[in-house]
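Next up: just one chain, as structure tokens, the form predicted on its own.
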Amino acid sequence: MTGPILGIETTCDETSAAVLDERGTILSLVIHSQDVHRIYGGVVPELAARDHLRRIEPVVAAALSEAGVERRDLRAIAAAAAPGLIGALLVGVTWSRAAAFALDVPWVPVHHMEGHLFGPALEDPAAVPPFVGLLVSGGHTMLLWVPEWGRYHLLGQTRDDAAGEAFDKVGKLLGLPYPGGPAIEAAARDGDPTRYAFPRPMMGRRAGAAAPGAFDFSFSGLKTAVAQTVAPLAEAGAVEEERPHLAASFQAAVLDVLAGRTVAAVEEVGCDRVLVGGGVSANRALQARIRGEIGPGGRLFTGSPRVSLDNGAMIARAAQFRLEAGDSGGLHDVAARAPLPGMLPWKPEMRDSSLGSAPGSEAQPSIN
């Protein structure tokens, strides 16, 4: 069966719908970002769910209209089913399942983080496995070895705060607007990244790839260090003056951790192709840092901001893969937490046997 796929994303504070054709080309992408959370400096789950409920029908209608597609022409309807805020997830999953039932088309549940892996492939046909995948968003930080679509080896993940969450919380400490990531990146351009010696959590723990937690992340201690530095500055009324330097020093610490872990993973698996997905992947300083460290022979794949942030197109693209594979990925209903479908732990002895298509090989899997 051919035809367009409708993808719906409601995991957090974006209500998004997109239509993709059978080749994976974006026919439309509509994203409604919820502004109400700026008042609180972070996402309020109940408010997010209520806004999704109000917005989902007009957002879907706008996506279908922009694509020039009638509902009866859809091949399938997909929605992010996990992980995320339960109330928010329920809106997208319930709406999409009802619509799929009414239209008698397949309903495809999608893992939100698998969607982020497919994000760059929406714009770059070369963004296919094999690659080292760094997923960095508001709720997750994860490092993967991806020899082929649907086969994911977990190298490391955050033990506490995700990188995006740390950006948001530090942004709030610095009096910057929500979301904190873009605001900190902008402020950091005018700051001295060496002014404050913030810690690089867990960077000294890599005693070899077989060591427990060799590729894991932690950002809670860094966030606490910033808070302890800001407190006396706030009492002295000096935060505004020091804000660019605080932002630059914090961002430098995060980038050292993210880029350092990613380059170590490249060395470990023997593949210098890197894909970065998730909202934090839009950070240009992070992109430049990883691109510089993997060297001129490596490849870095990132998406534009519209496919890096939470969006329905990445959900539709992941659903397209699952449909063609005849596999639901083990998802059947909403879940606040769920493992990435097909994920296995990484073991050093798997290095030679897991490479799949060699980097640059013509035998790389197609995105179609």
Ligand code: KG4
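Treat the numbers as computed from the prediction; the structure is a model and nothing was measured. Residues carry their position along the shown sequence, with the first being 1.
Heads up, the form predicted together with this ligand isn't pictured, but that's what we're talking about next.
Every residue in the set 138, 180 and 310 has a non-hydrogen atom no more than 4.5 Å from this ligand in the predicted bound form. Interface residue among 109, 278, 115, 120 relative to this ligand in the predicted bound form, by the heavy atom within 4.5 Å criterion: 278. Of the residues given (188, 214, 282, 274), 282 alone sits with a heavy atom within 4.5 Å of this ligand in the predicted bound form. The closest heavy atom approach of residue 156 to this ligand in the predicted bound form falls outside 4.5 Å. In the predicted bound form, this ligand sits beyond 4.5 Å of every heavy atom of residue 131.
Taking the partner from elsewhere, residue 167 is found to have a heavy atom lying within 4.5 Å of this ligand in the predicted bound form. Heavy atoms within 4.5 Å of this ligand in the predicted bound form belong, among the stretches 61-69, 302-310, 335-343, 319-327, to residues of 302-310.
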